[in-house]
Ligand code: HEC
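Take a look at this single chain, the form predicted on its own, given in structure tokens.
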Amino acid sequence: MQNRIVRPLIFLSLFFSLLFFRAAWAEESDSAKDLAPMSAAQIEKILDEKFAEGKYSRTGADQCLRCHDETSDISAMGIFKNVHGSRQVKGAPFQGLQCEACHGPAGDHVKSRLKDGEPREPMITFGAGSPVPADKQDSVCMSCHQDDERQHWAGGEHDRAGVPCASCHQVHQAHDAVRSRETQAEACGSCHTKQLAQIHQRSSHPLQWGQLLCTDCHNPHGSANQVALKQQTINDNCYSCHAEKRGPFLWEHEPVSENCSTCHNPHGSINKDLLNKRTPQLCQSCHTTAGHPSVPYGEAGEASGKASAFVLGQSCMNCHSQVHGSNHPSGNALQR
């Protein structure tokens, strides 16, 4: 009698175990199908159709957050802690179509089950790894962010390089690293690796401590000036902090008037004062030593043959101390 009861229980146990493993396998296969490769042309066609049909979801963010919650590898919960998900900011995306205001109509993307071999219906995704072209990603951002800071985005350095907005900005995070004083240099340095290394050299501007920002000199959203500078010239950029070097001077040093970066590297240098070379080599790259006393003379006027004390320490600037320019009547040699 006991065996008659136990055997059916065993079979039932095996049956439900198989159902459980089948369900688990189905969920795993659904995840794999999410990653099914699609060409950019296919994605663009599907997105155009969804927009044309207006296939927006009825439940909005509630449906999205079933997958993109705190436990997800691609969590979107941080958006409620920044301006995009705020209820207090007028015109924030979540006050309208919520997630779909930026990502486009969800359509069948939110289906809980997919047929065998069926890929997840695409939505507009953002960032460097997105199959959606950078210009289409940026058009979503620019639909709201229209101001003087972004008027030169089209044709700017980042636009020409195909860098989308979301490659720098973390929209779904409470903390956007590129907009913080403490982390902006590291965020920019993820692409500009040479400049990131230079700010850690012996002599540099205080970028690594957040006392000066990349955006104090450059406009990452584009500029009419070279290398996305905020001011019209490199010198004007430097003068915004170093006003004492501006002049006008009675006696000017030509390379100083032309371009500060002739002598200085603004991002950092192994030499003091951000110099491109050590002195006197830096000075001698323009000024020849011919006809200039480089060794001390004895009482009788003969050369001693020993190195001149005047080229040690501050080197040429021991004498020519006003190297940026002089207003002294006798300062033609930039000595006073």
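Residues carry their position along the shown sequence, with the first being 1. Remember, it's a predicted structure, so these values are computed and weren't measured experimentally. By rigid core we mean the largest C-alpha set that fits within 1.5 Å across both forms.
Absent from the display: the form predicted in complex with this ligand. The rest refers to it.
Site residues 65, 195 and 315 are all in contact with this ligand in the predicted complex, judged by any heavy atom within 4.5 Å. Residue contact with this ligand in the predicted complex: residue 273 places a heavy atom within 4.5 Å of it. Interface membership of residue 324, defined by any non-hydrogen atom within 4.5 Å of this ligand in the predicted complex, is confirmed. With a 4.5 Å cutoff on heavy atoms, residue 218 counts as touching this ligand in the predicted complex. Mapping the unseen interface onto this chain, residue 61 counts among the residues with a heavy atom inside 4.5 Å of this ligand in the predicted complex.
Looking at 77-116, the residues that come within 4.5 Å of this ligand in the predicted complex, counting any heavy atom, are 79, 80, 83, 84, 89, 90, 91, 92, 93, 94, 98, 99, 100, 101, 102, 103, 106, 109, 110, 111, 112.
Comparing the forms between the shown form and the other one on their rigid core, the Cα displacement of residue 62 reaches 2 Å or more.
Once the rigid core is used as the reference frame, the Cα position of residue 196 differs between the shown form and the other one by less than 2 Å. Superposition on the rigid core between the shown form and the other one places the CA atom of residue 241 less than 2 Å from its counterpart.
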